[in-house]
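Starting off, we have a lone chain in the form predicted on its own, written out as structure tokens.
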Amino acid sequence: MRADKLIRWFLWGYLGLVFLFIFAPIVTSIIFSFNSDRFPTIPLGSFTWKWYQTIYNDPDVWDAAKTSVIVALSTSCLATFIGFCTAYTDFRYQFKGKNSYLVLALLPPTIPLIILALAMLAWFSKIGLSGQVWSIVIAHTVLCAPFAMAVIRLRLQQMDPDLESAAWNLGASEWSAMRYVIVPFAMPAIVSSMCLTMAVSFDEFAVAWFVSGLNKTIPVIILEILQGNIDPQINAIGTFVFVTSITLVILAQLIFMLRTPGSASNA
């Protein structure tokens, strides 16, 4: 028993160190966003909202935030729809080359972002879409759809495949079975996927920097502020981005864990 207790304390301590390693720089950035001194030095200066007021009064930051929100919302809807269709095809059908189909569906996140960004830039330039907001949306959808597919696929694997067939036998059309059986069962994963893909799109920098043109997102404008000088605005903007992203990720995790009352799983 004593050995088990020591192992448990060791594992908790190890987990604590991992979280400390990950979140210490972020917490430090948040603290410095309220520091009156321009340079991140210790001891800290006085408490101030100056850097938040600066970005609040900056129209470029507002334009970037608007673009980021539009891109993130559009990407989450498109990526989740594509991810659902891909996951349902895997769940329902057996066909030759299915393994290759799944490999291709999950391929984009494994490609280095710089290579993906350059390929997207070349393609958009060729078809005349370079520098458009929808260029970022399309590129982010390609990047995020596999995440949605993986989450929804995991949920559908928990479903009895005979439920849909039973609905058909009881007179439901394929669309009715989809609406009243499949979608309600997968709804926690669908909403979770929307939150997750929104967070990924909101944070993504490399692809957006290549294809955005004058339509800058928040990560792109952070790089522009950073070039050539140290600006405490970065800590304030970074805090906003972190809070937004972590909120979406936590929501995605909580929603995915839900079991919707009255869903097909409880039928």
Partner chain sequence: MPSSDKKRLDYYALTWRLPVIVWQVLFFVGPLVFMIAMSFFLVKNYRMTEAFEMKNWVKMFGKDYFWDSYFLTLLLASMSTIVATCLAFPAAYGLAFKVSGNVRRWIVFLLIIPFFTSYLVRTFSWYVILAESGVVNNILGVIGLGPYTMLNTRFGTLVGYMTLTLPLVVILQTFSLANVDKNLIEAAQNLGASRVKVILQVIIPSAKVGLIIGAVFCFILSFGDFVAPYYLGGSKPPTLPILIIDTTKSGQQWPRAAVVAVMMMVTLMIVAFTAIKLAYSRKAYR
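Residue numbers count along the first chain shown, from 1. Quantities reported herein were computed from a predicted structural model and do not represent experimental measurements. Here, rigid core means the biggest group of C-alpha atoms that superpose within 1.5 Å across both forms.
The same protein has a further form, the form predicted together with its partner chain, not shown here; the description that follows concerns it.
Participant: With its partner chain left out of view, choose which of V133, V191, M178, L154 has a non-hydrogen atom within 4.5 angstroms of it in the predicted complex.
Facilitator: Checking each option against its partner chain in the predicted complex, the one that comes within 4.5 Å is M178.
Participant: Can you work out whether its partner chain is within 4.5 angstroms of a heavy atom in all three of Y101, I111 and L116 in the predicted complex?
Facilitator: All three within 4.5 Å in the predicted complex.
Participant: G13: heavy atom within 4.5 Å of its partner chain in the predicted complex?
Facilitator: Because no heavy atom of G13 falls inside 4.5 Å of its partner chain in the predicted complex, the answer is no.
Participant: I'd like to know whether L223 contacts its partner chain in the predicted complex, with contact meaning heavy atoms within 4.5 angstroms.
Facilitator: Yes, L223 is a contact residue.
Participant: Within 4.5 Å, heavy atoms only: does F34 come near its partner chain in the predicted complex?
Facilitator: Contact with its partner chain, no.
Participant: How about T141 - does it come within 4.5 Å of its partner chain in the predicted complex, if we only consider non-hydrogen atoms?
Facilitator: Answer yes; at least one heavy atom of T141 falls within 4.5 Å of its partner chain in the predicted complex.
Participant: Select from 155 to 171 the residues with a non-hydrogen atom within 4.5 Å of its partner chain in the predicted complex and write them out in sequence order.
Facilitator: Those in contact are E164, W168.
Participant: Using the rigid core as the reference frame, would you say V243 shifts its C-alpha by 2 Å or more between this form and the one not shown?
Facilitator: Shift of 2 Å or more: no.
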